[in-house]
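Only one chain is given next, in structure tokens, and it is the form predicted alone.
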Amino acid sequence: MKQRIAVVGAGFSGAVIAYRLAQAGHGVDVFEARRHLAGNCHTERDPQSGVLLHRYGPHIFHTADERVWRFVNQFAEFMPFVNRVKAVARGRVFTLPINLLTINQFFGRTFSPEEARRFIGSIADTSIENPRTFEEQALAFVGKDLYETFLEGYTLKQWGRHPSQLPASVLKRLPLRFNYDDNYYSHPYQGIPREGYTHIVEKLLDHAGIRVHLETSFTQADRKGFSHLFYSGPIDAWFDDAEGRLAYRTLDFETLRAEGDLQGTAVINYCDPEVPWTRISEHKHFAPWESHERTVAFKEFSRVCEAGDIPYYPIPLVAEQAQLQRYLDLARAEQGMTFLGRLGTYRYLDMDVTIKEALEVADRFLGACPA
């Protein structure tokens, strides 16, 4: 039996769900509060320079999931791209993630891989056997000097919390390498879509069974007439902040324009706490297959997300897990509704995991639908 389904949010979570359900013959209405598709992955051409801008900050697609990789490649030509991040710290430029070159640069040594491994083991805090916080994980991982130089100040700016208040899982996403590999990611599939991410979402939603409503909010009263709701907005907002507002970060961008080349690479992190911005991203370097005489860069500032701001990512505070659990319990009690995505599940998800989970949610829903 075919159903009429509402999807809130036209980012990857909502677009993938809508596509799969429409393909199965269901009627889908997608509601997006903003005036454009693709959420925080939105890309658009800069009218002055022609550069493809990652409007809400850089997005590099990377995954080890073959199903996800095959899925996204149906809708775009992915161009090879390796994210090679640089870092400015204490008046010097280093390479990230922390690897053999970073270690040798920082300590003024010429370690071999095994020598570097032993050295880091000697300066790491081995008394921390079961790290609970980001700070404990970092001290046990790389020791005091590397932690204070590359991680402490940057994390404080990015998250607005001291690393001692964040869970160890935040740091576990970052690699430590004892070779000269400066690829920020370790996944076998990496790239950026030639025409940008918005192009993918447009193709996902280009279906006769899908109606898209831009600049349209969705409330609990709007559920009438829909057999099921897939919601990818903030979980606390859906419940009118009944358990108090959860913590999110938002981003502000300062646009820099110039002729030629501003910084010579796509991303430079600024690790010193006294520098107010976290990183500068120069967008033409995300598309090295293109050629542009002018350049555009975004200087990125992270701050607390206030009412009316765009929430970019949740802050997984160690001390506020009980509040989150109450929202998760409320979500589980909702009938005919599924919460998904970074905001709907209050988790820091990469694009590939977002798509993977949306595909799996669609699988379960379609498997449960009577023929």
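The structure presented is a predicted model; accordingly, all values stated were derived computationally and were not measured. Residue positions are given as counts along the sequence shown, with the first one as 1.
Note that the form predicted in complex with a small molecule isn't included here; everything after this is about it.
Look at 233-241, 120-128, 199-207, 147-155: in the predicted bound form, residues with non-hydrogen atoms within 4.5 angstroms of the small molecule sit in 147-155. Only one of Trp159, Phe141, Phe298, Phe94 comes within 4.5 Å of the small molecule in the predicted bound form through a heavy atom, and that residue is Trp159. Though the small molecule is absent from this view, in the predicted bound form it lies within 4.5 Å of a heavy atom of just one residue from Tyr327, Phe339, Trp69, Tyr313, which is Tyr313. Taken together, the three residues Val170, Arg279 and Tyr348 all come within 4.5 Å of the small molecule in the predicted bound form, as judged by their closest heavy atom.
Mapping the unseen interface onto this chain, Phe253 falls outside it, with no heavy atom inside 4.5 Å of the small molecule in the predicted bound form. In the predicted bound form, the small molecule sits within 4.5 Å of a heavy atom of Asn269. With a 4.5 Å cutoff on heavy atoms, Tyr184 counts as touching the small molecule in the predicted bound form.
Heavy atoms of Leu174 reach within 4.5 Å of the small molecule in the predicted bound form, making it an interface residue.
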